[in-house]
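What follows is one chain in structure tokens, specifically the form predicted alone.
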Amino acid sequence: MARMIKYDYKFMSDKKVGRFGFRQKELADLQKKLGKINEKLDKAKNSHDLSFRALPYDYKMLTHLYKLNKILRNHFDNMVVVGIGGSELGAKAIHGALAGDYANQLRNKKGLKIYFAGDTTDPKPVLDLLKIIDLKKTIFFIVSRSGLTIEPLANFLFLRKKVIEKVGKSHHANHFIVSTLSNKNPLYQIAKREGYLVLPHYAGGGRYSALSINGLLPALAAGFDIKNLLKGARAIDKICKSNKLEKNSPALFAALQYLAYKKRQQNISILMPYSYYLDDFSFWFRQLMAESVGKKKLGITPIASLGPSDQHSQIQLYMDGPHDKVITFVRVEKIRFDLQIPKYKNSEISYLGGHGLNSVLKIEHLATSVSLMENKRPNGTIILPELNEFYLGQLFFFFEMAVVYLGEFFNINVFDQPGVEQSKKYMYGLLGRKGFEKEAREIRRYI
């Protein structure tokens, strides 16, 4: 039987943190709702919003991606993912977790070098990228659900021009793959006109698309085992069918977040991995939580943090500031390669000698977690047996389902994001997009 990630929540209870923790009766009351929630989700499993639950079972998509990847490996050295928000954060989180900071210098011979662009209109990162990649050996993966998002489109148009200058107009189409949704949007129309390969963007919200083509193609191109990534997600989907909170850890996590917010005004949720390569994952979580739950004048504010570095920048606030936070740590149990700290005799730091860096990391997490608990600060820990594709797939699906359950407890729609539309309209107006003249006049009053 496959091992599962675990959620240790003992430091979330009133027995450990007093009035700032959940009471067993409160949890039991939410337990009564879980069966009906699961029944509702099962009836809606084929809906547009919940279609992310079908992604781990899309074997046709896998076959297509493996065929495409074989072609890419034979023709290119680099892939540049051009996207923003949900169209980019999942792919970046997967790559960061499995490859780390030095992946492109230590490139697996089976994979391409992966770069990310399109999440800013600051010109410096794009100019620097062009200094280190050979455009003739680069495939650009342009990802935009709507085909209208300003940042990736602006970068795409600039990069397209550079590729044409390098390889010629007649050959540049070989360097572009587009993932978008509607056949009416401008990006799709350009792609069809120019002859780019078009892949179907996940039909639901971008923040739930990490395990779709958006995240899987860059992961596969980098040489990672996407079959195991989806296998991990299926393992979590299976436990989500349970109507018992102690067996359904995503629902349990959601219940505790809900109780912290509703009963104790703890409206800040911090995700703090004690794994350096899960830093990007925290930013994916931040978008997932913020866009899904922040609406109707309520919302849990997510914070992306990192241990142990933020022990030296944030823990003072978490330990001694307002009682408005819940902290979730992520710990990796087994690291394949450890480094032993050499002994240095006759020194005050000689106590470090003989310890492995991984054991120090675990001690740092434990010391922080217990100290928070003793200061009546609720915190829980998600434990990964290892950091690999299988457990990373579990981690993604854990949080996706946890947010769905959280929406059910709050009775809100976690799949829309009405709050971001007004600023987009003002940007369109100022940039001169047809049909947004009214918005342009409105915002110019403040310039």
Ligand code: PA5
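Note that residue numbering begins at 1 and tracks the sequence as displayed. It should be emphasised that the depicted structure is a prediction, and the values quoted were computed from it without experimental measurement.
Keep in mind that the form predicted together with ligand PA5 is missing from the display, and what follows is about it.
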Item to check | Interface segment, criterion being heavy atoms within 4.5 Å of ligand PA5 in the model of the complex, picked from 34 to 42, 402 to 410, 416 to 424, 56 to 64 | outcome: 416 to 424
Next on the checklist: in the model of the complex, does each of Gly85, Gly206 and Gln287 have a heavy atom within 4.5 Å of ligand PA5?
Outcome noted: yes
Checklist entry - Ok, Thr149, Thr368, Ser249, Asn78: which has a heavy atom sitting within 4.5 Å of ligand PA5 in the model of the complex? => result Thr149
Item to check | Residue (of Ser144, Ser212, Asn155, Gln257) lying close to ligand PA5 in the model of the complex, criterion heavy atoms within 4.5 Å | outcome: Ser144
Next on the checklist: Even though the partner isn't displayed, in the model of the complex is Glu291 close enough to ligand PA5, meaning a heavy atom within 4.5 Å?
Outcome noted: yes
